[in-house]
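Heads up, the chain shows up twice below as structure tokens, two forms, tagged structure 1 and structure 2.
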Structure 1
């Protein structure tokens, strides 16, 4: 039987992007069910053998232009082209991180779009935080926890895949049942190939057989709480610490005084560091529901993992990891590390249980089969009809409105401030009526109503 065509739109290696690695690992599993191709922005991107890589602008030339589409979206600027492609054509989207505010900010999205998404995600908070951003240009770390900006992805996707029940629940709490009925949970994927043998990895890195090695991995964002690791190790001088990844310049002097920082590593070196560890410390606070590629690699290698009991990490079986409470993070971590260093056989037992869980739930054939089921179920399903996203309050000025609507398509909502009560009458009596007076050509006015001193317009914009 011929395999139906599928186009995956995603970054791919050599991009320094965990989602690029995920996409490359997933493609061979999908190729068992589909005639796969990969659409990318970087012409140096590398796909697995037998899977063609095309420039996204030329993807329409592939045989079977009606092919199914699978998008991989994360919260960093490497996924701007994926978001643009989803806007042009709906498909199934893997949402690796519900908190997409950084993606929108770092790719130059206009302020109106960002503020509209903030209001849609948390209208009760947006009045204050959006005003800070709009009037003073102030955007704090709190914004990235409170405003996920996932509404557009939910509205434009035939189905959305997340990696945890926590992520799905967070989306439902924010966006409602109707807008998230098509969200499905598929566990994170194990990395391809066999992980390095622990003894060989330790020998390769020069780690003595009796040394207790703690590894942290990936880009050291503040949420990974390396400050807790540093505090926990103050009373454990015999433990060796390697950070396998990059550390922000502001943190590097503090961390570098206690740990060896490797910087970005090729995949085989990264895997060797994780396999060589007695314990991988993979903390998160705060967590927005993100998953962790380095955690998946550690589970595959049978490395004991210490995680925070929060978000997606709280869903792991109790015998497969050590889950620390968020309260008293550093002291709890110090206690756990001291216990494992005194009884390394316990660390190996926990690592073995973690590997058994990962092989049962996260192996490529099982994950690819679940992707296939989600893609096929969504094939004939239109994108959900989301509530039109409210734009910021604008002045009732035709030029400002045209600028705010530029590049938009589909359902949209405007909230226009009226300077005086007579302004509405004047607009309504203008030649051609309200729509002619305010809206650009092609914009269809579906409904209008007064809310306080604002005029709310529901529009349908041309594709």
Structure 2
């Protein structure tokens, strides 16, 4: 079969990153349609058998360099290299979390870029929140819900794939119809392989047949509301709780007083905990529309899931999960847990319905076929036109500037830190003026302005 080449740019295992697991699970499905390779930052990353892993910096040297590109982007610093690769060459992007502010903040992106993204995402709010950030260095948790910073990914991608209608609607509300016309929904993916058998998983973990096991999973961000779980279990002392994942140091004493915290687990151990559970509690508040790999694993295993009726979770069929209203909080969770503990067969029935839904909608061949359709449709579209100008923040040093601009072409924006106002005057008075004092030959200075203590230069670099 003559399969066109496809390069997936993504973290891969052993990165402790749910998107790395997702990418590794998706690749065999895509390999049915494409001659796949995976480009990575960690050269020792592991792809499924038969799929070569290549250093991203050398991916252009692979045979068939005109290959289609698929980027996997999430909202954490492990995806910085994916964003950089997308900036260098457009492709189809899976946006696992429509909010990308944490990615931008945690990878050294320039504050001017972040402020510009905030302005674009929510113009009416940006002035106030940007002032907090600029003047006091305050970046609240609310920022991550209000300002998604997805504009650049939308603009640079030939198509954008999200896992829920909620995520697409959220992007559309923020960025408008035109900017999101190429956003498509492809459901999350079932994990590879057969999930562990419940009885075997419980025996392996030493869970007694009569024990009612509640599992929470993954990195315990605040939005996963382990505080609600803790409160809900106050009146349910017989229920056993394991958190299969890491817990931030600030939360660990409280959670660890009631739950056993496993820390990060290898995939097979993680799956065993989920399969052994009577119920997976997978809450979100607030939700930014993110998808959940843990939920996909639980659905595959036939484990009953309790979720928040919000974001992507609200799109699951009513009989496949228990969806709690957001207003209910801990009492609603306590009530649901007590009912399940009293009637475990109901949990089994819900788990079975969840598995049937997942097998119909989230199986690898079906998901891979939808990816293929999205990628091929994107190939027929013209490449993105309005690419946002990359912004580089540097000291006002000619050598550093030359190094940073080496290899770049087209429009570029520099934000140069000035140690003192006199430095700007000195640069302006240099023989040949500011441009000659700072810029390499060929760089055309289009505009200059002061922003705080930074000098922002708009450049046109030779092709």
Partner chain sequence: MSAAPLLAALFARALPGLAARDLGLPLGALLPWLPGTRAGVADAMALDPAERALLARFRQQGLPLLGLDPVAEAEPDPAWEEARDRLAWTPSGSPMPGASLTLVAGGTGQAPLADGLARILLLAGCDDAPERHDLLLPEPRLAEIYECLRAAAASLAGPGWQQGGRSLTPRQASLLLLVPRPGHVPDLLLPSAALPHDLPAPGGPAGLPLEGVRQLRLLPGALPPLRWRLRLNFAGAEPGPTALFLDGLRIPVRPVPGGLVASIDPPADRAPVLGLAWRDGAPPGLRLMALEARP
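Numbering follows the first chain given and starts at 1. Throughout, rigid core stands for the largest set of C-alpha atoms superposing within 1.5 Å between the two forms. The structure presented is a predicted model; accordingly, all values stated were derived computationally and were not measured.
Undergrad: Given these two structures of one chain, say which is the form predicted in complex with its partner chain.
TA: Pick structure 2; the other is not the form predicted in complex with its partner chain.
Undergrad: Once the two forms are fit on the core, has residue 446 moved its CA by at least 2 Å between structures 1 and 2?
TA: Yes: residue 446 shifts by at least 2 Å between structures 1 and 2.
Undergrad: Checking residue 54 here: with the core superposed, does its CA move 2 Å or more between structures 1 and 2?
TA: After core superposition, the C-alpha of residue 54 moves less than 2 Å between structures 1 and 2.
Undergrad: Following alignment on the rigid core, what Cα displacement (Å) is computed for residue 408 between structures 1 and 2?
TA: With the cores aligned, its C-alpha sits 8.7 Å away.
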